[in-house]
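First, one chain by itself in structure tokens, the form predicted on its own.
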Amino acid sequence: MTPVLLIGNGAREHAIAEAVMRSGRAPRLYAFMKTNNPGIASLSTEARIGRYDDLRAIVAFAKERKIAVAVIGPEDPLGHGVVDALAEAGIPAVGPTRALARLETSKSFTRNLLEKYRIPGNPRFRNFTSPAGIPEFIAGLTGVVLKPDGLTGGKGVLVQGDHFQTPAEALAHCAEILRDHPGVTVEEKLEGEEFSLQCLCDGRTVVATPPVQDHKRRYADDRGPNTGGMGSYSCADHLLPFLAAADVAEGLEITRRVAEAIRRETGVPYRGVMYGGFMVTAAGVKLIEYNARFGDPEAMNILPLLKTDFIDLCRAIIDGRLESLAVEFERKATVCKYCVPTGYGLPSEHSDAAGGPSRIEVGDMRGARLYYSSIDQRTDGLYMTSSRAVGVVGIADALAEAERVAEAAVTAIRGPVDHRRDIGTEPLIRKRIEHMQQLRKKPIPSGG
């Protein structure tokens, strides 16, 4: 028997829980969650509800249940140092220490790391802890991106053209960010197509999982405000329609060099997930940011395809043996579509939250995978909050069929809900392909 502790309560963690329970190592799952996820609870021997900053409670639960390995899902407990606390108690974890989690929690740390070790992929950037020098730096950029230093729940990045229009507005946002955060990173705005490359790292060996493309815009055709992610897709050839194999190799090489740099910088090996958000541009692959854990929704695309035993994978990461383990994924396409409240991602006056939780009914999933996110299971049924409710994943030999499976399933969820119908569809993917074809024909800007 292998007792496993899972920390987290979202759809990403539901997918992790499913991967744990597919293991042939006689797993017994224990979950520590901020709120009760009925999908995770149904797979667990025991579920405990508590705060992610209550390290004493987490460690006590792990010691009581004689946990052999802990898997950390979201960024909050990593930022609070849960891996450090578990290590002090002799409990190994898949996830970086608090110092190494700065790869995600501090944008300035990551940009400086790439610059110091001369790792390609950085856009033009500068980190600021005060307004001094910001106007002059912005004046030299054709477009601006602002990133607060610290965790923002994936929604803190401000992009010129989306969140503001003029340099004067950018300066006002910088001042606002600096009131609430220790610093702000100002970067040039890149043009290209984004892709997620979630990599597994044991401190020296880095293994890529299939690339995924996330869709953060609230409405079809990439319109509306940014969200935590409305869905994502991956392809059977382990590429994406607008990506070349060389682009994926470039992203993987950047991550390998970052893993080595962070070990040299801190003296501690990074053991966990290094999720690189990249953009392929006319000047090559650029790093947008790193996350120190699996993505949500991207975990739901790749974990169901994992052929390697998940507990074996966790142990190889912890023991520094990834190089000797064959990490394999099925050659299948996946499409994830999030079912969300109709007011999700919109200003509070349009939100459903004012009326309280809303009940939903889940119909026939017709072969799709279902992963609960912000769902409360009561005696009279399922209720959703104001956040993403259910992730639905279609899996098939071809992308078009995976999209049809996901769409049929997500439309079987009834209630005051919405989703993006265009994720994984041919017209939207054709738009991505044509965008990259146009960019690759453009001359590369000087200094790019």
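One-based numbering along the sequence shown. Note that the structure is a prediction, hence the values are computed from the model and not measured.
Absent from the display: the form predicted together with adenosine monophosphate. The rest refers to it.
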- The one residue among V248, L190, A316, L240 placing a heavy atom within 4.5 Å of adenosine monophosphate in the predicted bound form is L190
- Message: Can you work out which of D76, D309, D222, E194 has a heavy atom no more than 4.5 Å from adenosine monophosphate in the predicted bound form?
- Response: E194
- Item | Contact test in the predicted bound form: R271 vs adenosine monophosphate, heavy atoms, 4.5 Å | no
- So in the predicted bound form, does any heavy atom of K107 sit within 4.5 Å of adenosine monophosphate? yes
- Using 4.5 Å between non-hydrogen atoms, is K147 touching adenosine monophosphate in the predicted bound form? yes
- Query: Is the gap between K216 and adenosine monophosphate in the predicted bound form 4.5 Å or less for some heavy atom pair?
  - Reply: yes
- Verify the flagged residues L305, A396 and V405 against adenosine monophosphate in the predicted bound form: is each one within 4.5 Å by a non-hydrogen atom? no
- Name the stretch: of 361 to 369, 182 to 190, 250 to 258, 127 to 135, exactly one has residues whose heavy atoms fall within 4.5 Å of adenosine monophosphate in the predicted bound form. 182 to 190
- Across 289 to 321, the residues having a non-hydrogen atom within 4.5 Å of adenosine monophosphate in the predicted bound form turn out to be E289
